[in-house]
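Only one chain is shown below, in structure tokens, and it's the form predicted alone.
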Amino acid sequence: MVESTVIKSGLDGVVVAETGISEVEGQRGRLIIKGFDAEDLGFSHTFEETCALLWSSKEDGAELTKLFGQARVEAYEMSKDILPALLREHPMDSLRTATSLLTSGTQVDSKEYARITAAIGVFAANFSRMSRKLKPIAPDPKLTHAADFLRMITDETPSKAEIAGMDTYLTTVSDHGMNASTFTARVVASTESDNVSCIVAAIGALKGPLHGGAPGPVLDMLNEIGSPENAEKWIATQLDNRKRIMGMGHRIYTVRDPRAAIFEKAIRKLEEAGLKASRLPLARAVESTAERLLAERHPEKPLKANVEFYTAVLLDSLKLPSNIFSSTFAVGRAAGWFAHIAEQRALGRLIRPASKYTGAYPR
């Protein structure tokens, strides 16, 4: 390679594909998914309807709901006897291992995508149960994916408001441009590997704390702060010690992450339905305090709330334990992964970037 080559080690700003799936407008704080503003989509579509949209499916949301229900039962029957042996300390390790046991080809087919996506929900929910010393539970094929996922985790029949909140979450996180896990799925798809291999690789990328692994630590932070009046001192101390404020800052957004606003609205809707969201006042206080103190110390770099900040509060309000937050992200993001896998297969080109050698040469 010539000396003038510009190297961008994180691929920042490097366009690697054209896509009709989603657009992230970092300066405006806007997310567009398949022609919909993310906020409109999040409050108007169920997860199955979102999958139908992303996959350009011949089946509509109602038909996919039936396919999802059947697929959850099949996944449970296939795995129920071996799930305990697959339980690992990190929930994403469990999810990755279980998903790898599924079989698939390279077909671009919404029924195939629904089968694998549904299984991810079953695995995530039951691994959460087992980590809490509960037995695995069979899915209910008559429920929607959001409703059954909540039921399997909490052992309770979710309310309409809770189901709506879960649908909002799964739909909103379904896709977000060329993020790390999505790019990973596309790289594997570009080799003409099978669909399950693409998804397993994406789960491995999502596990990383710099991508999808931070909602749990946000909740830990809120628990440690305890009350709004403690926010100023706690955050200042963290910054003095050069420690990161969890849930603040994003690689692309220079303004507040639009998904944070969507989830904050979803939490308000839960409150309006009579459900408690006890951490919301604390989260708002921590967000405003952190934003102000970060701006004072780093005026050159805007650091606003990202998706993980209010993810923690929303999923906690839906009674999900914090150890399943990253796995729940995978349950929703699988929809977008498959949309990108299909798009990459249609392109039919191996992703093979170059590198610049900096090692020694033979004498």
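Here, rigid core means the biggest group of C-alpha atoms that superpose within 1.5 Å across both forms. Here the structure is a predicted model, which is why all the values come from computation and not from measurement. Numbering starts at 1 and runs along the sequence shown.
Although not depicted, the form predicted in complex with a small molecule is the subject of the following passage.
- Contact check for A75, D155 and P158: none of the three has a heavy atom within 4.5 Å of the small molecule in the model of the complex.
- Checking K233, R242, K276, K133 against the small molecule in the model of the complex, a heavy atom within 4.5 Å turns up for just one residue: R242.
- M246 is the sole member of L102, M246, L270, L222 with a non-hydrogen atom lying within 4.5 angstroms of the small molecule in the model of the complex.
- Though the partner is left out of this view, P84 does not reach within 4.5 Å of the small molecule in the model of the complex, counting heavy atoms only.
- Using a 4.5 angstroms threshold between heavy atoms, R251 counts as touching the small molecule in the model of the complex.
- Although the partner is absent from this view, I32 stays clear of the small molecule in the model of the complex, with no non-hydrogen atom inside 4.5 angstroms.
- Residue contact with the small molecule in the model of the complex: K66 places no heavy atom within 4.5 Å of it.
- Of the candidate stretches 35 to 43, 49 to 57, 291 to 299, 314 to 322, only 291 to 299 has residues with heavy atoms within 4.5 Å of the small molecule in the model of the complex.
- After superposing the rigid core, the C-alpha of G35 moves by less than 2 Å between the shown form and the other one.
- A movement of the C-alpha atom of H298 reaching 2 angstroms or beyond is seen between the shown form and the other one when the two forms are aligned on their rigid core.
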